[in-house]
Each structure stands twice: as C-alpha cells, then as structure tokens.
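Structure 1 and structure 2, given next as structure tokens, are two forms of the same protein chain, each shown alone.
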Structure 1
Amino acid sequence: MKLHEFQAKQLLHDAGIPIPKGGVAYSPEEAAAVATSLGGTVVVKAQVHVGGRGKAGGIKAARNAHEAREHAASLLGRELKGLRVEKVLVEQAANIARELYLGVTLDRARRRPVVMLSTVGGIDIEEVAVSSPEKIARGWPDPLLGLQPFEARGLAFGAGVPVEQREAVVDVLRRLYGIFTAKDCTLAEINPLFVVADGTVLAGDAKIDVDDNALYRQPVLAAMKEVSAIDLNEEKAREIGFSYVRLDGNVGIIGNGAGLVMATLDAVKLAGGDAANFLDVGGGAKEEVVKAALEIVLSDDRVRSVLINIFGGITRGDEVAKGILDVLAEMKPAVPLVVRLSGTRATEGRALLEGKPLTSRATMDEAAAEAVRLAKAAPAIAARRSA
C-alpha cells in the first residue's frame, strides 16, 4: 500500500524529521487559504500515486495565494499519468542549497533491510543505481539490532555528506529507519532531503510503501487506504480472499495458484492475445469461490473471453465444474468460456461440463489458444449489449 506524500510526511514529522510547513487542499480556495497562511512562495503538489510527478507537470511553484489558487485549479480534477488528482499539498518553498537521497527498503537476496544514502538527490535514484552505483552508499543493518549510530555514520562518510550536515543526516537516517520498522514499511524514502541555505535539513519529498500483510497491526495506516474506482474489483477480490490484478488485455483469466496463473497469462501472450486480469482463486477453491471469481471477471466490460485454468491438487475438479455450472445457470454469460481442468477429480469435472455451452480443452496451451481465438472473434460486449 502506497502512502501519499502528505501522509508520508506526517509520519516523518511524528518521528521528529523536519518537513516544510504546509497543508492539504481539496479545492483551489483551500489551496489559496493555505498559501496565505504560509506566506511567501509556495509549492503546489498533486497528491497522486505516480512516479515522475514533477516531470509530468504535477508540481508548480506559486509566488502568492493567487497563483496557488490558479495552480490548484489547473491540477485538481486533471489526470496525471492516468490517475485523477483529487487533492494537492501546498507547502512553503525552501531555499535549497543542495539535495540528498535517503532510502530504506528490502534487500531480498541478503534478507536484510538495505539503507541507502547519496549526495545525488532529487532525481530518479533507480537510474543512478544503474549508471553510477558508486554514488549510493549502502548498508545492511541487522533487523534485530536496528540501524546503529556507527552504521549511519559510516554511510554518511561513504556518501561524502558535507561535515556540516553529517550529524543531522545521521539523525534523519536513523529516524527514517525507525519508521521503516515501526510502521511495517517495504519502502521509506526521502528524495530529496533538502539542505537549506542556513545549513539545516528538510524532507523535500517522501515515499512510503506499507506491507499489506501487516496492515492488521497498523490501524492508523490502514485507515489511510483509498480505494479508487479502478481498483474496485481488486478490493472486492481481496475481501473474498483471492488475488486480482487488472491488466490491459481482453482475455479474462481464472486459475489456482499464483505461478500457474502467471504461466497462463504467458500462454495467452504466446498465443497472440492479452490477459484482462490476473486472478488466483488460491488452493482448495470450492464451488462458491469459483462462482465469485467468475462474477468478478465477467463484470469487466473489456473481457471478450474467459479462460479458466485449474490444476487440481487440493482443489477438486468436480467442485470447480459445479461452480462454473452455477454461473452458467444464473448469469448466462455473454462471453465464451474456455475451461481446462486437470489433476484431482478432473475427469469427474470434465464429465459434468459435457454438453454445456463452453469449450473444454485438455492442456494449458490448447486452452489459451482457444480463448485467444474466441476473444478475437467476439464482438465487443458493449456492442452486443446495445444490440
């Protein structure tokens, strides 16, 4: 789960890391009011979960409340890289002498947190990581000990942080690591950390991602969750207990097991098609679960065919078949279904589906090819509906 910049900065502030003064505005009037209360030059920043927000025109400087109002008006309601801007953060502009990068995330291979510090702040750190990795100092603290002062100091020396800022940067880095662990983050990043003209430091921007698996023990963060229209099916699927990811194609996919579903997406791709979604019903799926999954996939207007790929291990083929038959009876779907059942009680399942209005295939490859062929052949649902 990603936090918005203003939410992330609130966490920084609570942890004692200096942030610019500012406030969130949902309308141009509110933006003007915040700018007035701050005085002087402000920055108006769109609060959307996209990278490269600045380059995309999502950050604008305003010399006064009037300009702040105008910038807010131009940002609010607009789409930034496909996401609608519903609020802006209005912040006091800082007199920036230089910018640093501070980040904490997971190093999967080392099975440790990795703490990163660089004097090349403010730009895309992933590019720096590839082009000049020596410009990023890295440390891997033991999670049982936390980031020790000597480790943070070593990173500051390694990154070449100017002597005047060293203690402040070490302090911010240790507090940021504290947030990373206390708030169950998978990413906690300050980029840039401003070194202001007077020598003090200030978090210019912040990115925090929280581990979804830990939200149950982070009620304050869980409450920050926003469900956008586009995610409604993902949210519904999560509540039922399976993983759903919206994709760009038109072949609806249902399978059991994340790896198998990924392989099914790939099979669709190899057959010349594109999946509309990833949907894993999980292990041991019963009749009603299969039914719920089909309902979600069929509610997607873009879907032109549905591929159901089940390898029965704990999941039983006959249970899956019953779920499919239920949906056929109730919903009479307008798009063709292709079913591949294999493994435990697949024979029984296939027998149940015999003679029903769907296509049965023996292998994943064959089923994928057929689903793609049907999707290409089918007219758009919208067209059929209006017919």
Structure 2
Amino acid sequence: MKLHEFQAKQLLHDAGIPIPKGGVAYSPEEAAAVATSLGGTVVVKAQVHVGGRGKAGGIKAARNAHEAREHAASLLGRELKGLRVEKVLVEQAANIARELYLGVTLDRARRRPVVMLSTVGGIDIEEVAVSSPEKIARGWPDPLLGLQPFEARGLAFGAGVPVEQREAVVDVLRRLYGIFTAKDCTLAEINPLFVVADGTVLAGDAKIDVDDNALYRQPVLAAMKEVSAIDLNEEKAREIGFSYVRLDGNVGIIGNGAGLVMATLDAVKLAGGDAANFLDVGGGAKEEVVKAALEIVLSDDRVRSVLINIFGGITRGDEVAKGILDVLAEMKPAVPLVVRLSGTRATEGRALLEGKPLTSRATMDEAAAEAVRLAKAAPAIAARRSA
C-alpha cells in the first residue's frame, strides 16, 4: 500500500521530523486559500501514487495565491503518468542550500532492513545506485536492536555529510528507521532531505509503502488506502486469491505456480517480447478463477496477446479450458490467445478448445514465441473491446 506524500509527511511530522508548512487542496480555490495562509512563494504538488512528478510537470512553484490557483487548476482533473490528479499539496517553498537522500527498505538477500544515506539527493536514486554506487552509504542494522546512534553516525561519515548537518541528519535517519519498523513499511524514503540556507534540515518529499499483509495491525494506515486505476486489477486479484503484478510489456501472462509464471516471463523475453503482467492462479485453479484471471488481463488495454501456460498437477486442464471458453463466449476478446496445456487432463482440455478462436502450442517456448509474434503483429487496440 502506497501513501500519498501528504500522508507520508504527516507520519514524519508525528515522529518529530521537520517538514514544510502546507496543506492539501481539492480545488483551485482551496489551493489559493492555503497559499494565502502561508504567504510568499509556495509549491503546488500533484498527489498521485507515482514517482517522477517533477519531470512530468506535476510540481509547480507559485509566487502568490493567484498563481497557486492557476497551477492547481492546471493539475486537478488531469492525468499524470496515467493517474488522475484529485488533490494537490500546497507547501511553503524552502531556501535550499543542498539536497540529501535518506531511505530504508528491505534487503531480501540479507533478510533485514537496509538503511541508505547519500549526499546526492533530489534525483533518481536508482540511477545513482547503478552509475555511482559509492555515493550511497549503506548499513544493515540488527532487526532486534534497531538503528543504533553509532551506526547512523557511521553512515553520515561514510556519505560525507557536512559536519554542520551531521547530528541533524543522524537524528532524522533514526526517526525514519523508527517509522519503518513501527508502521510495517516496505519502504520509507525522504528524497530530497533539504539542507536550507540557515543550516537546518527539512523533508522536501516523502515516500512510504506499507506491507499489505500487516494492515490488520495498522488500522489508521489501512483507512488511508486508495486504489488507483493502475492498482485496481491487483486489488481485484488479491480479493479473488491469486497474485497479479502489472509490468511494462504487452504480452498478457497467466500461469499456475509462481515458478512456472516466472519461467514464462523469461520465455517471452527470450522470444523478443515483454510481459504485461505476472499472474499466478495458483494450484487447483477452477473454471471461475481462470475466467476471472483472463478478465483481469484482458482489461489492460496495453495487452496485445495473451499467453496461458498451465502445467496440470492438482490443476485440471479441462477446468482451465472451460474458463477460457466462458471468456471467449462472453467477452469475445479482440486480442489473440495462445494456450499451452500440459499435465492432468490436458488432453481433455485441448479437445474442448479445438476449433475455437485461439492458438494452441505443445511447449512453453513455442507458445511464448507465438504470443510475441502475435503481439507484434496486433494493432494498438483496447484488449477488452467486444466484437
């Protein structure tokens, strides 16, 4: 679960981390009112669950309330990187001397949190991690002990934080780690942390992601949850009981078992294509589950072909085939389907699909190659359009 910037900053404020004065506005008039109360130059920031808002035109400086109203009017109701802007955060502008990066996330390889600090803030930290990894100081605190003062100071020394801000940065870093653990986060990030002209620090932006599996013990955060248009399919899949993750390609993927789906993604990549999603219907998937999975994949208008790769163990091939037939009858998909059935009752399943408007292949690699070929040949059409 992702928090908006204004929600994340409220958590920072509650933890004692300095943030700019500001308020949320849902209309141009509200934005002007907030700007008037703050006085001076303000920043109007679109509140959507996506990064890179500045580069996409979602952050604008305003010298007065009139400009704040105009900027809010230009942002509210528009789409920013595929997401509709419903609200903006209006904040007091800071006199910035330099920018730092602070972050805490999970290091799955080491099975513990990793704390990161860099004097290169305000830009894509992922690019810095690849091109200049030495500019990011990292530490792995003991999960039972937490981030100790000497560890935080060591990170500040390692990152080259100026001595004048060292103690303030150490304090913010430890408080950020406290939020990460107390709120069951998978990510807690301040990018940038402003060093303002008077030498103090201020959280310029904040990003916090919370583990969905822990929301039952975070009722306050659970009440903040918003499902964006992009996340809607993931939410639907979670309610049904299978795993769906949206990716960047145009070949829809359905499989049973995480390992098989991962292998299918690799096969599509090797065939020269890119997967639009990861979707695992799990073991023993019944007809209605397969139908629901297909509906979710076909609702993504980027999808130009769908690859269904099922290896039957406890999953029966004839049940999968019935789910596919239901979708063909009800939706009449405008994109081609490629099916590979193997294992339990696969012969019966393939017999049910004979003569239907789809392509069947015997092996995963053959099916992946055909799905990629069809995706490249298909026009850019809405995948869920009915004939």
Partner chain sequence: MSVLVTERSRVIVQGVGREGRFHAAQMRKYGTKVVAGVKPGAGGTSIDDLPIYDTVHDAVEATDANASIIFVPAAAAADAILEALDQELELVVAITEWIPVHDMLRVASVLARTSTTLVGPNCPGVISPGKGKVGILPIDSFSSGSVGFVSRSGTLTYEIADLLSREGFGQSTCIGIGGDPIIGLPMPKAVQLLNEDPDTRALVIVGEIGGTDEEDTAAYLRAFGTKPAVAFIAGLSAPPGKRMGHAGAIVTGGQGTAASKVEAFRTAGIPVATRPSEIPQLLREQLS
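Predicted model, so just to flag it, every value in this text is computed and none were measured. Numbering for residues begins at 1 and runs along the sequence of structure 1. By rigid core we mean the largest C-alpha set that fits within 1.5 Å across both forms.
- Form predicted together with its partner chain, is that 1 or 2? Structure 1 is the one predicted together with its partner chain.
- Query: For Glu295, is the C-alpha shift between the two structures 2 Å or more after core superposition?
  - Reply: The answer is yes; the displacement is at least 2 Å.
- Quick one: core overlaid, is Thr36 moving 2 Å or more at the Cα between the two structures? No, shifts by less than 2 Å.
- Residue shift check between the two structures, rigid core fit, Ala46 Cα at least 2 Å: It does not reach a 2 Å shift.
- Task: May I ask for the C-alpha shift of Glu239 between the two structures, in Å, based on superposition of the rigid core?
- Result: Here Glu239 registers a C-alpha shift of 3.6 Å.
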